[in-house]
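Consider the single chain below, provided in structure tokens and representing the form predicted on its own.
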Amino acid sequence: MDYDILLGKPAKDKSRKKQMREIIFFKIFFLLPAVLFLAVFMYYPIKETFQLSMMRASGLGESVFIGFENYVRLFTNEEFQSGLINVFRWAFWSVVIQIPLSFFIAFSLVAYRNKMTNGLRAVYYLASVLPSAIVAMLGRFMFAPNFGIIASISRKFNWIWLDKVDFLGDPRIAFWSVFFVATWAYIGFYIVYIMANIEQIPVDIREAAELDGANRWQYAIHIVLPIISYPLRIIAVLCVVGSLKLFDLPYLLTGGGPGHATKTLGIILYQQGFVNWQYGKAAAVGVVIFLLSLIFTVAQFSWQRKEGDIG
């Protein structure tokens, strides 16, 4: 025993074991609050929602287990089908319109920097921090048929055809009217986020591109876009997941109408749960939203891992 102590073997083993115990203790100590928080406020509600989606529940009387009947009824329901199509349309056009528009504005503000740049950055970002209720009020004021901004412009320039357009009441254009308001409200955050990433690109890269004869927009397309591709993909995830959960602006502007023109899954969930008292159906809609968001997010990050953008 004395020989081992002289060699330092037991002392090293004890030291390692002590260090391992301390590491495990600190891991548990710091992770336990987060795990408990997620378990109570995320995992448990998800489990309960899955269970409730299998029930016929109205909040009055006992709930009855009916299996996947709520899902079958949803996917054969015209309202739900319209809502599903609308959120997919919204997601597609958000990626196709909002991200390129945000990049164009962000790069313009960085490339043509002047005294107004910081002020314009604040103006663009302001809309994204306004409450949805205020954004919806501004949207209604813009499209109001008699005293709204567009009505005033049409009278000023004698555009009689524009004065006759019912932007929020015509099923053919209501979706695009709401999408226009949402684009104005949401792209401010995207602009600021993209600007922050563009400003982190070393000046040497831009100077080298200029020496090679690239103009500003060639530099933007061939150099800036590849460099900030990962942040743009993050924005794409936010656009798609936000579209799947969309509720506030369409509900406040049109209530989901006219007909099902601006109906979303979030509006259907609200109406089923809080208007019709069909908690099982509402939970089923929530599960569909959750699964679609999860599938897209996992697929997106798996693709990015294959591309080497994340470890």
Partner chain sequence: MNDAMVEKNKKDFRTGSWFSGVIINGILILLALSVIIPLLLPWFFVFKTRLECSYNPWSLPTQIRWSNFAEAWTAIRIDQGLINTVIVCLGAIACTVPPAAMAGYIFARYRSKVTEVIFYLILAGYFVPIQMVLIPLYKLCSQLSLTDTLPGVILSLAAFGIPFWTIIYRSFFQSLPGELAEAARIDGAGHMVTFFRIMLPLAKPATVLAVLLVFIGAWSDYLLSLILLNSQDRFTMQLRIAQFLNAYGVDHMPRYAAAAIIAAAPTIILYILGHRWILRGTLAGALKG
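In this text, all values refer to a predicted model and were calculated from it rather than measured experimentally. Residue numbers count along the first chain shown, from 1. We call the rigid core the largest set of C-alpha positions that still match within 1.5 Å between the two forms.
Omitted here: the form predicted in complex with the partner chain. The next part is about that form.
Contact between Thr297 and the partner chain in the predicted complex is found at the 4.5 Å heavy atom cutoff. Contact check for Arg56: no non-hydrogen atom falls within 4.5 Å of the partner chain in the predicted complex. Within this chain, Glu78 is remote from the site of the partner chain in the predicted complex, having no heavy atom within 4.5 Å. With a 4.5 Å cutoff on heavy atoms, Lys164 does not count as touching the partner chain in the predicted complex; it lies far away. Shown without its partner, this chain lists Ala122, Ile227, Ile221, Ile85 as candidates; in the predicted complex, only Ala122 has a non-hydrogen atom within 4.5 angstroms of the partner chain.
Listed residues Ile160, Val72, Val96, Val129 were compared with the partner chain in the predicted complex; Val129 is the one with a heavy atom within 4.5 Å. In the predicted complex, Tyr251, Leu252, Leu269, Tyr270 are the residues of 249 to 270 with at least one heavy atom within 4.5 Å of the partner chain, listed from first to last. After superposing the rigid core, the C-alpha of Val275 moves by less than 2 Å between the shown form and the other one.
Superposition of the core reveals a Cα shift of less than 2 Å for Pro231 between the shown form and the other one.
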